[in-house]
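This document starts with one chain, in the form predicted on its own, laid out as structure tokens.
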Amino acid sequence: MLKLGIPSFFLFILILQIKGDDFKEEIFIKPLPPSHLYVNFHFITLVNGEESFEHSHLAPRSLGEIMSRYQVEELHLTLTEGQWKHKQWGYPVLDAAPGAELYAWFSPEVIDVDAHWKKLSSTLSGLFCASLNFIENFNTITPKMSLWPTGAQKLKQNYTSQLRYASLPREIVCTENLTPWKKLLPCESSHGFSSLLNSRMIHNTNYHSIGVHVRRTCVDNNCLDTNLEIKQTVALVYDFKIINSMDWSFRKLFGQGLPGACPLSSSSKIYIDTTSNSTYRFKLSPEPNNIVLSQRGGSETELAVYNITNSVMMNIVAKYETKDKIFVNIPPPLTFTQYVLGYGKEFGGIVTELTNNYWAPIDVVLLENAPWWLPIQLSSLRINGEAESKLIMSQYYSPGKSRQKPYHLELLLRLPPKSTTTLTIDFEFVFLKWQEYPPDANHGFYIGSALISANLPTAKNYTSLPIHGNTFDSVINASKPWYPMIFRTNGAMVSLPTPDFSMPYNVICLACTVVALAFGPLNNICTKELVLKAAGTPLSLRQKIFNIFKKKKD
């Protein structure tokens, strides 16, 4: 960060206003009774649409150059550790798959999308110190119905052909990913809300996810001009057992208090969901600046709002009055789970259960993405033992090729009200080459999460922002006919036929032992000479030297 004096600072702010750049930071906190706490960070940077990133102001130049160089219209990247429990915790602000997930829309002018996709993933791999360079054609698909662009797009173009999606469920999230992520912020980690992101405290949670989402947004209703929106997110789920108390505070969660707002932000707000006060009452200290009651989609949400404007150290504390009260968990409208069937090393199956808890039918799009080494058989698809025509409204299937492309299945389903729909599809195991096994092959092979796209008819347990909104102010009284959401199921693991990699080690050890034991006697026999000497008369040193020179002379 540059150290600016007071006149220089105001001049810098004036330049930013002329350029049209804007930066906002927000924190959303929601208790998840009875034993968890959800914390979501939002950092939004709006860049003028005419910005060429030759001179960056608030937006990270590295990310802007990636978008312009590879002609990316919209980008979504998440790195997640842990699994979000939808049935117990409700819905997050942004759902993410375990591991690494990347999908992007490219400009219609891009002809060779696969080449740009490979360059994009490799560049992001170096930028975020992640293993995105392992994204190849054999683990990339082009969804047809499951994903849709959230930014400003040209309606005349078919953007499904310009879309690429890939996930790496084995990717581990660590401090190496968080550090370059924080460097993209205008204040980095020295000021503002980002100073709370202590890696030691973040990685001590049940669930943590960092993400970067870039899209084009309309300046006005006519959408003649657009801005580039760069949104960086962090989602955390704390367990009260880890912090050893149901009472929480910033010092317990992040190891320090809030040092104030970022000097470059136009808005710094903290939203705390106090709706659960009706069952688990807690008191906030200090008092919030405002209490907002939001009615959205048949649900009422009470939000305590803090406006952070100064640079004074602040610690928000929540103390519960009742800690042993029984909590009744009401599941959200749509819940789901995924698991693997089968035994042995020949056949198996993937099972996806979709539960509609609502009184009306819900239409969903299910995307199954199976790797090439797990071929799925479309003829074996079974849905609750009923005829597929009763539930499947549309389907798309792309068979995979060995070591070239994965298996891709999409189904448009209509889930009956108050019912559970079970989809089962069989697969076969494939023998891999010995170079294709990971170092810990006996640990198992991960299967990526299935994607479930749905337009929910109600906003119960729904915390997502509207498509055209970028801050939490947009969720207040934002009732709509439908509430779109893209869910990710839990991951799964299979055990492929694995050779005994200890056999080469045993053979090498045995062969080396035999060679070592046989080399000594053979070397002595071939290189040494037996000489007789009189018994009881040891040779003197002079006699030994004389015998040696005599042997060399002969």
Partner chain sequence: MGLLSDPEYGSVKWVRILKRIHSPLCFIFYVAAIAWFFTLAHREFNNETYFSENALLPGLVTNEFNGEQSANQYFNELLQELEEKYEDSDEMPIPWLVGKMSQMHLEVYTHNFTLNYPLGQGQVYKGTNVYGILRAPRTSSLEALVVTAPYRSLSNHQKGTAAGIALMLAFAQFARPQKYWAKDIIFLITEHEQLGMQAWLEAYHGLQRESSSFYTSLGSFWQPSTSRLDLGKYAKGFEWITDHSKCLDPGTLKGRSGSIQAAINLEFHTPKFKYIEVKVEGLNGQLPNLDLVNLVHKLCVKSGIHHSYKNSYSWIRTRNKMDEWFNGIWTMLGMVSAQIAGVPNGNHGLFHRFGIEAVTLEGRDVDDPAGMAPRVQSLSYGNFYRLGITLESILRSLNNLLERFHQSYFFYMLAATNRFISIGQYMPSLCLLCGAMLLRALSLWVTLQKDVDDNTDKKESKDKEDPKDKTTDEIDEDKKEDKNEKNEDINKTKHEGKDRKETDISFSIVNMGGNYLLIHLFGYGVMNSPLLFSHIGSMYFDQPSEISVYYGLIATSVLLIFITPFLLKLRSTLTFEELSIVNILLLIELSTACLAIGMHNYPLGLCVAVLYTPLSLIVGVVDSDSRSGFCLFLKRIICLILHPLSVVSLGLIIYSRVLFPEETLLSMIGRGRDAAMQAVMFSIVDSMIYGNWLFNVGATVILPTWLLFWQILCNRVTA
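Treat the numbers as computed from the prediction; the structure is a model and nothing was measured. Under this definition, the rigid core comprises the largest set of C-alpha atoms superposing within 1.5 Å between the forms. Numbering follows the first chain given and starts at 1.
Beyond the structure shown, there is the form predicted together with its partner chain, which is absent from this document and is the topic of what follows.
With the partner left out here, its partner chain still marks one of 237 to 245, 465 to 473, 450 to 458, 102 to 110 in the predicted bound form; by a 4.5 Å heavy atom cut-off that stretch is 237 to 245. Using a 4.5 angstroms limit between non-hydrogen atoms, Asn221 is distant from its partner chain in the predicted bound form. Under a 4.5 angstroms non-hydrogen atom cutoff, its partner chain in the predicted bound form has Thr205 among its neighbouring residues. Its partner chain is not shown here, but in the predicted bound form it comes within 4.5 Å of a heavy atom of Lys85.
Using a 4.5 Å cutoff between non-hydrogen atoms, Met493 counts as a contact of its partner chain in the predicted bound form.
Candidate site formed by Tyr358, Ser479 and Phe487: none of these residues places a non-hydrogen atom within 4.5 angstroms of its partner chain in the predicted bound form. Interface residue among Asn310, Ser285, Asn442, Ser419 relative to its partner chain in the predicted bound form, by the heavy atom within 4.5 Å criterion: Asn442. With the partner removed from view, the residue among Glu428, Glu176, Asp363, Asp114 that has a non-hydrogen atom within 4.5 Å of its partner chain in the predicted bound form turns out to be Glu428.
Positional change of Pro504 between this form and the one not shown reaches 2 Å or more at the C-alpha, relative to the superposed core.
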